[in-house]
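The chain below stands alone, shown as C-alpha cells; this is the form predicted alone.
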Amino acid sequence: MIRKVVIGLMVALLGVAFWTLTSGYVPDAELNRTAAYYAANAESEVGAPNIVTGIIVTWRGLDTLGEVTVLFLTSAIIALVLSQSKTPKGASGAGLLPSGELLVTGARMLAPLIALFGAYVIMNGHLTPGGGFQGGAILASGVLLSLLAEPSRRFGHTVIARIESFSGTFYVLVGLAGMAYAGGFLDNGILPLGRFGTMLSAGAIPLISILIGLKVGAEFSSILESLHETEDA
C-alpha cells in the first residue's frame, strides 16, 4: 500500500512539473543570435542542406566527439561488468531454444536491407534527415535482429573493437586536419564544398558521418553482444 502511495505521489509531482513547464511555455518570436547565425551561414560555410547535421558535425564537432566517447565508455563498462558472467568457452548457446523458421528466414532477408538502409542514412546525412548517429543505430539494429534470430551466433569482439578503434582514430585525425588546414577542429573545409545539394558536397561532412556511423554502430553492437553472451550464461 505504501509503495502505491509513493508511486502515486511521484507521478503527481511529475505531472505538476510538466504542467508548470507547458502552461508557461511561450514560443520565441524570432531566432536567438546563435541560431540566426547558423540559419544564415550554414549554406555558405558548411554547404549542407541539412543544417542540423552541419551544426552537429562541424560547429559542434567537439561536443559530438564527447558524445561518442561517452558511448564508448558505456560499452566498455558494460563489457567489463558483465565479463564475469559470460558463458564459459565451449558452452556458448547451450540450452537455448532454436528460433522459428519464420524469424530466421526473415532475419536473413532483412539484415542486408537494414545494413543498406543504415548506409544510406549515413551517406545522405548532409542532404536529408539522418547522419552518423542515426545510421549507426540502424546498423546495430541489424545486429540485434541477427542475434534474436540465431541465439547461438557470435560476432567477433576483435572485429568490432577494430572498427571502433579505426573510426574513432580517423575521426580525431580529421578533426586535427581541420585545425591545421582549415578554420578549426572538424572544419569540413579541408575538402571542397562541391555543388550544394549533391552527394559529393559539404566538404568533409560525408566522411565524418561515415566515421561516426561506424563508431556508433560498433559500440552499440558491442553492447548488444555483451548482453547477449551474458543472457546465454
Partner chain sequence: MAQIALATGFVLILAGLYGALTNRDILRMIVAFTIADTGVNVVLVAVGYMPGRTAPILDAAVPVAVASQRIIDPVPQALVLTAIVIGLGITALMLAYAYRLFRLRHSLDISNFTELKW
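Residue numbers count along the first chain shown, from 1. Model, not experiment: these values are computed from the prediction.
Same protein, other form: the form predicted in complex with the partner chain, not shown, and the subject of what follows.
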Could you tell me which stretch in 67-75, 115-123, 101-109, 154-162 has residues with non-hydrogen atoms within 4.5 Å of the partner chain in the model of the complex?
67-75
State the residue from I51, L176, M199, L62 whose non-hydrogen atoms include one within 4.5 Å of the partner chain in the model of the complex.
I51
Which one, A182, L207, L193, I55, lies within 4.5 Å of the partner chain in the model of the complex by heavy atoms?
I55
Would you classify F170 as touching the partner chain in the model of the complex, given a 4.5 Å non-hydrogen atom cut-off?
no
Although the partner chain is absent from this view, report whether A149 comes within 4.5 Å of it in the model of the complex, heavy atoms only.
no
Using the partner position in the model of the complex, report whether L214 sits within 4.5 Å of the partner chain, counting heavy atoms only.
no
Even though the partner chain is not shown here, does I7 get within 4.5 Å of it in the model of the complex, heavy atoms only?
yes
Let me know which residues along 5-28 have a heavy atom within 4.5 Å of the partner chain in the model of the complex, or say none if there are none.
I7, M10, V11, L14, G15, F18, L21, T22, S23, Y25, P27, D28
